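Take a look at this one chain, the form predicted alone, written out in structure tokens.
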Amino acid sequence: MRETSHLDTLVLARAIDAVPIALMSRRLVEAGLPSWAWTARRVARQIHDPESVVLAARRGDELTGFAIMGFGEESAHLNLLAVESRCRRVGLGTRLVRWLEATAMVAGTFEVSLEVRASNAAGRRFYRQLGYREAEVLPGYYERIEDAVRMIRDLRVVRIDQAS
């Protein structure tokens, strides 16, 4: 499946994408943490896992963003989302999330959860604008260094500002 708009194309990630996705995760998502959780090996496992979708955003041959979502019977979990700094604020992150949400709905999954660093005000605002609500604070979630905020969205609920 492929979606194109603006300059970036959304495609399912391939095994060859595992290293660049892992490096982007380390640089943009896991920055400041002592260990590297989303290694190339872990990303590759997600790419091949039938219960996961790894979506890549490309501008030509360049990886400009990605998202990884795991699917359960009743809910989905957005494991990772990253967009290169210079590619932000043009809707790419929203396109990645909305694509995965649509996939979840097709699969009959209507709840999506995620965690975001408690200190990441911009990230929390981004997800709230997409209809996610802050459900709980998870103390020390990130290697006992930083708290996380768990956010949840019921895909069956359409906000009035999203309906038009």
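As the structure is a prediction and not an experimental result, all values here were calculated from the model. Don't overthink the numbering: it's just position in the shown sequence, from 1.
Keep in mind that the form predicted in complex with a small molecule is not shown, yet the notes after this line are about it.
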For the three residues Val83, Thr94 and Phe126, verify that every one has a non-hydrogen atom within 4.5 Å of the small molecule in the predicted complex; reply yes or no.
yes
Proximity of Leu28 to the small molecule in the predicted complex, heavy atoms at 4.5 Å:
yes
Can you check whether Asn120 is within 4.5 Å of the small molecule in the predicted complex, heavy atom basis?
yes
I'd like to know whether Leu100 contacts the small molecule in the predicted complex, with contact meaning heavy atoms within 4.5 angstroms.
no
Spell out, yes or no, whether the shortest heavy atom distance between Val112 and the small molecule in the predicted complex is within 4.5 Å.
no
Partner-facing stretch of 102-110, 28-36, 131-139, 47-55, counted where any non-hydrogen atom is within 4.5 angstroms of the small molecule in the predicted complex
28-36
